[in-house]
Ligand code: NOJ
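Given next, in structure tokens, is a single chain: the form predicted on its own.
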């Protein structure tokens, strides 16, 4: 199943791949159209992930196939054609393994078993086959820092101090440890990072909920077992992993993130993944403003890391109407990252508020934030429902983050096409108005915006691997950049304020001529730069070569 993926799509690929001349431009203008063969070639190559659009799926909230109110793998499979139509090339599945669900699946009780709420391993295999047949990849969440307290490893470890897995977790006689300064801090979700276990008569360390004890990576057996988990799912056709809080595996007396021993483990994990051509790793950095440490030399650690400096904080510069913080965070990754590193670009996820909420209900702000996400250098990850401006809910089953994890809205029926039963979590606000069926009929909808912008990316290597140069604009309110490769060049500009703005892009040789391909505004090129005009809350992409 895994080995045949590239062959399946190379048969239909553009003969020129990424190296030959692109199709000729239409007379009198640039060839702004869909190039399906070129897209297939880019997505079949070893750098496929640089050109792909990923879609984060919470299986539980995406599509219920059996009426029990819980989304499942069969339901997700039934919606693959929708995702393909939207412009999605790869799926990131939030945890789908067996769990007692204290942390929405991030408390894994069995690394080798699919959560029965979502289906069977055969259902997963069917999903993988169906996705691969459509030219889509699938990566899984891999939670390696901790397990569930219900995991058999922890059950054995806590039984006594001499069993075979006694050192698989981080134990201490006191609620602290001289080799674990991180353990003197409070747990992320509780008052203490140490929990007393009466049976063993010791405390165990947990960075997160008490139901999530941290694994002890000083034990070679833990290293071997967790690498074996990765091999298990790669053998079954998964195309890689999103690695949850991967920088926290080791602790020392003074440091809590990306210790040398953690870096060594990541290199071992990358070596395993490299045994499966085309498989990739994306990191969730614990340091939100700089993911440089996760890339190593650019080829020996992660393929991608989430750019949280923009993705989790874009609401502030948009609220202030200031481009400087956005410029600064992209400048940092462009300057610091080694050759080969790739940003993973988001404007939301299962851990933060919905983009609609961050934008404070302003659709133009949401669109402009997505505009940057989908055209800057990096690989975009769209959180499910973002393309509908899915509204947050108020219901909580696990914790406050459930407000951003409400079921997908497919239509205006009582179960909104998600379920024929009672949904496990109440639908979000305005569910009768902002659902897919309604937005498909509206050419000005958020869904239409995403469809059109993703269409612009398709088949154009410049968006995945082209250079990105931040442009001086002579104003504090416009974020603008130049994307270029050997064949194409674009200028992207976003106005962060509600007022019309005129800016001067002071860079010679921006391109041959300016042609707006999406958005609103004008760009007039001259020998020393360009004059840019954007309407209030406006943005545009201009083809300049």
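Numbering follows the first chain given and starts at 1. It should be emphasised that the depicted structure is a prediction, and the values quoted were computed from it without experimental measurement.
Omitted here: the form predicted in complex with 1-deoxynojirimycin. The next part is about that form.
Undergrad: Name the stretch, out of 79-87, 238-246, 447-455, 377-385, where some heavy atom lies within 4.5 Å of 1-deoxynojirimycin in the model of the complex.
TA: Result of the contact check: 238-246.
Undergrad: Is it the case in the model of the complex that 147, 257 and 270 each bring at least one heavy atom within 4.5 Å of 1-deoxynojirimycin?
TA: Result no, not one residue of the spot touches 1-deoxynojirimycin.
Undergrad: Which one, 362, 328, 351, 197, lies within 4.5 Å of 1-deoxynojirimycin in the model of the complex by heavy atoms?
TA: Contact check passes for 351.
Undergrad: If the cut-off is 4.5 angstroms on heavy atoms, which of these, 161, 401, 232, 134, is the one near 1-deoxynojirimycin in the model of the complex?
TA: Exactly one residue meets the criterion: 401.
Undergrad: Verify the contact flag for residue 211: yes if a non-hydrogen atom of it lies within 4.5 Å of a non-hydrogen atom of 1-deoxynojirimycin in the model of the complex, no if not.
TA: Judged by the heavy-atom cut-off of 4.5 Å, residue 211 is well away from 1-deoxynojirimycin in the model of the complex.
Undergrad: Using a 4.5 Å heavy atom cut-off, state whether residue 405 contacts 1-deoxynojirimycin in the model of the complex.
TA: Taking the distances in the model of the complex, the answer for residue 405 is yes, it comes within 4.5 Å of 1-deoxynojirimycin.
Undergrad: Taking heavy atoms only, is residue 106 within 4.5 angstroms of 1-deoxynojirimycin in the model of the complex?
TA: Answer yes; at least one heavy atom of residue 106 falls within 4.5 Å of 1-deoxynojirimycin in the model of the complex.
Undergrad: Even though 1-deoxynojirimycin is not shown here, does residue 123 get within 4.5 Å of it in the model of the complex, heavy atoms only?
TA: Judged by the heavy-atom cut-off of 4.5 Å, residue 123 is well away from 1-deoxynojirimycin in the model of the complex.
Undergrad: Can you list, in sequence order, the residues from 262-288 that come within 4.5 Å of 1-deoxynojirimycin in the model of the complex, counting heavy atoms only?
TA: Contacting residue: only 284.
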